[in-house]
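To begin, one chain is listed below as structure tokens, in the form predicted on its own.
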Amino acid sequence: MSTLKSVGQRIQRKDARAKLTGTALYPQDIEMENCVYGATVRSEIPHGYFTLDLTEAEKAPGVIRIFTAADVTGHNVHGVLFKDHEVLCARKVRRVGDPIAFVVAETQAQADDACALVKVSYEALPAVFDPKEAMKEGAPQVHDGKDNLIYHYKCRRGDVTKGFADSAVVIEREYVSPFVDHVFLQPESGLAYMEEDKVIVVASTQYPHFDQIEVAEAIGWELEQVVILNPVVGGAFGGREDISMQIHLALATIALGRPVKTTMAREESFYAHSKRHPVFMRLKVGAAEDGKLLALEAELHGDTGAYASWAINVMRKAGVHITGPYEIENVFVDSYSVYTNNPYAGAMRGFGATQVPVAYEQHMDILAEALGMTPYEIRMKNLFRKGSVTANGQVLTESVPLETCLEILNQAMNGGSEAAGLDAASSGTKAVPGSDSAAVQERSVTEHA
């Protein structure tokens, strides 16, 4: 068999040397002659109508122009799955941090100072911050004329009523996973400039092809007239899949004929980009005396905040994965994506599969305790193996190493895995003098599950 060029080979990353030596160029490292600088005015309330008074800010030192929704030359919308964001809010804000004006000045400091002089008058509206409350009749509508429920995923398998009736133990609990910020090392920064009849936008992004479409639609130009240059990305993890400043920069450089740059401070970055979805999880699981899982019922409410982003994909995957890596014959799952007036949530490492282990793995430990089993034993009883059928009907035919993995982990945490190249020290656990192995095993697996 001929040697493959990439598979199984040690391939050097093209950007490794530049990153190690500090010569890699990030957007904030790039400067151009005759460049001006932008800063964004953002909403300070979660829900309400607003009016702007730009008089004082326009007279501030160095200010060249202040852009508002009226200056958007194409469609004043963008968004990954739904066009529910406004490039610059026209009359209503839906979260703290919504962009309502873009100030351009000769220096970044002047642009930042002028932002503070923009007078924003608010007419606050009732807001909703809990996805379950947001689904109730009469709840404040985040988007006028739209239901707050974006998406409802269902999974139905077998007969959960019978499954619970046949169970020796039924445990029901509620769990919550919180908002999480990506906190990538490089805050958002970008630069835009003109090159003949094209607008060039330089920004660290995960989706340059999506950005090209969204910028073109917002400025009203043909797709081939928009070029997205993606320099080195200083971390992303999903947080750069949504537009941040790209359209603002394009609008400004087209109008002014000068390069326009902006760099967000960390605090603004927190306001600007998406978060990991908080998920409120109610989980009810029944098991037989021998630990076999017989029924699972789950209700998940995903808080996508003011904008949808990837809400459908996230909560569909959450609904799929709430059963964990376990065989369960009877399943009844409802998973919802819901608008609120919270910061908006989107992609972050795992798309819904990351939140739900908070629920199902704690639940397995609780079931084990109720049945007098160890966490290891109850998991080994129910793990997916080759030939297992998931709650969605998928037959697992290959690459299901869970049993082997858990066996090795269990041995490692109990000092008996030298043949596997693991030992208790490498697992971070220590034998407890005078303790029986089952007690140590239960403590170790619980701590590391």
Partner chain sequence: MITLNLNVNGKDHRLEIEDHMRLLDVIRGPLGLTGTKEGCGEGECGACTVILDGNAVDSCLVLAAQCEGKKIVTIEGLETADGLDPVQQAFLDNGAVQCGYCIPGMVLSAKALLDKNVAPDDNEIKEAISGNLCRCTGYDKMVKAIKTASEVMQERGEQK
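Positions refer to the first chain, counted from 1. Fair warning: this is a prediction, and the values are worked out from it, not measured in the lab. Under this definition, the rigid core comprises the largest set of C-alpha atoms superposing within 1.5 Å between the forms.
If you look for the form predicted together with its partner chain, you will not find it shown, but the lines that follow are about it.
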property	result
Its partner chain in the predicted bound form: contacting segment from 73 to 81, 145 to 153, 235 to 243, 113 to 121, heavy atom within 4.5 Å	235 to 243
The single option of Q186, Q225, Q362, T354 touching its partner chain in the predicted bound form, heavy atom within 4.5 Å	Q186
Heavy atom within 4.5 Å of its partner chain in the predicted bound form - the one residue of R266, K198, R91, H209 that qualifies	R266
Heavy atom of F384 within 4.5 Å of its partner chain in the predicted bound form	no
Contact of Q411 with its partner chain in the predicted bound form (heavy atom, 4.5 Å)	no
A368: touches its partner chain in the predicted bound form, heavy atom cutoff 4.5 angstroms	no
Contact test in the predicted bound form: E133 vs its partner chain, heavy atoms, 4.5 Å	no
Residues within stretch 9 to 31 having a non-hydrogen atom within 4.5 Å of its partner chain in the predicted bound form	R10, Q12, R13, A16, R17, K19, L20, T21, G22, A24, L25, Y26, Q28, D29
Displaced residue check between the shown form and the other one: I11, CA, 2 Å or over, core reference	yes
